[in-house]
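First comes one chain, alone, set out as structure tokens in the form predicted alone.
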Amino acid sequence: MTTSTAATTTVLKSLNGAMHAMMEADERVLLIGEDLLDPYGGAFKVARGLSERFPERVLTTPISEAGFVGVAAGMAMRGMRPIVEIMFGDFLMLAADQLLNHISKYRWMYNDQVHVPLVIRAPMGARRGYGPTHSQSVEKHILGMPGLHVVAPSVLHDAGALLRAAVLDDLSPVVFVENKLMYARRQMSAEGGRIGDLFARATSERYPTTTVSWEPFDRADVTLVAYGGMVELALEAAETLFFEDELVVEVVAPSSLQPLDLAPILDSLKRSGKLVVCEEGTAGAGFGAEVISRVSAEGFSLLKSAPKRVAARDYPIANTRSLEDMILPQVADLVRSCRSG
């Protein structure tokens, strides 16, 4: 995609800057996790510089996800605003008991007298050759967990602003999904309703949904829903389809996966009537299944054809690049699904 404007900063710098600013302004904010200390600053260097500036509020821990997530939950209940860094999102499942049986339920178990304003940052995703246990997108396993918010920035969002909203404004526990490949990408923000050559619009919620199109939202042939790292692939597919097939694809990128605001998707479907949903994880019981289920229930009359899902194949993710590419959804898969009837 050709972008002439709005290339601001990388996602990594945006997240790092947000944490520096929050810890500078608010003593309740702290960071806890493994290998956070400088000069490394975490496995992907998102926490770089924090331990030198705030040594008493950057807590590096032993390898025990269940343990330090539980400690952070206690801190949140006592008025702190902890940010937990999970080294690789795959390890989030080691803290599943804390999430499922404790953190997400306390508010109701104690008659709304207790809140757990805790943010768990979890680097997810593949395409870096890390293999089957360090490349997964496991967020679908926590979608549908009552009481938990799941937020996933993309290049169409201000990742730092989303993190600030999660840490400072959200009283619910938040799992903040960060696609690893996205860290080096530049965020694209809208200026005057445009992002580069694209027309753009965004909702005004705490965690906005951004929709972009090659046309000024007066016509569309396909609604392509994507989040996180898949948004870049969706944008590339939309560009290919516009110039090779003259198909107008609206890319709808929610930043909140749970709760999911269905309104922007339904609004796009009023123009296109055709829905494709993509995700980097496997399809079964995933994000795409949830979107299609809700659209079928709340906007069935808008569909002119059967909705489609594009996702990873049902295999563990391989180390070898050729096998990794075979397993993961590619731009060509999106193009093919958008072209098909």
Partner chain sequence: MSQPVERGDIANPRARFERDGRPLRTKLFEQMMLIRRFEERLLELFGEGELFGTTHCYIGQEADAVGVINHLQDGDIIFSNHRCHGHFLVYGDRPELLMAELMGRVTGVVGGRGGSQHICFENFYTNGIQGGFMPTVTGMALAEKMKGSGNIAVAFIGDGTLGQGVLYEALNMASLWSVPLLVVVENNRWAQSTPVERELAGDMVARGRAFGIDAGEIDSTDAEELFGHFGDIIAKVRNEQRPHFEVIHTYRLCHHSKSDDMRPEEEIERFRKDEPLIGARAWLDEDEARAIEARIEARVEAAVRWSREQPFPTPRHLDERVARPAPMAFEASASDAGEGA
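This is a predicted model, so every value here is computed, not measured. Positions refer to the first chain, counted from 1.
In what follows, reference is made to the form predicted together with its partner chain, a form of this protein that is not presented.
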Using heavy atoms only and a 4.5 Å cut-off, determine which of 220, 190, 80, 142 is in contact with its partner chain in the model of the complex. 80
Report whether the minimum heavy atom distance between residue 248 and its partner chain in the model of the complex is within 4.5 Å. no
Determine whether any heavy atom of residue 292 comes within 4.5 Å of a heavy atom of its partner chain in the model of the complex, and answer yes or no. no
4.5 angstroms heavy atom contact with its partner chain in the model of the complex for residue 285: no
Would residue 308 sit within 4.5 Å of its partner chain in the model of the complex, counting heavy atoms only? no
Can you check 295-303, 57-65, 44-52, 268-276 and let me know which stretch has heavy atoms within 4.5 Å of its partner chain in the model of the complex? 57-65
For the stretch 95-125, return the residues whose heavy atoms include at least one within 4.5 Å of its partner chain in the model of the complex, in the order they occur. 97, 98, 101, 102, 106, 108, 109, 110, 111, 112, 113, 114
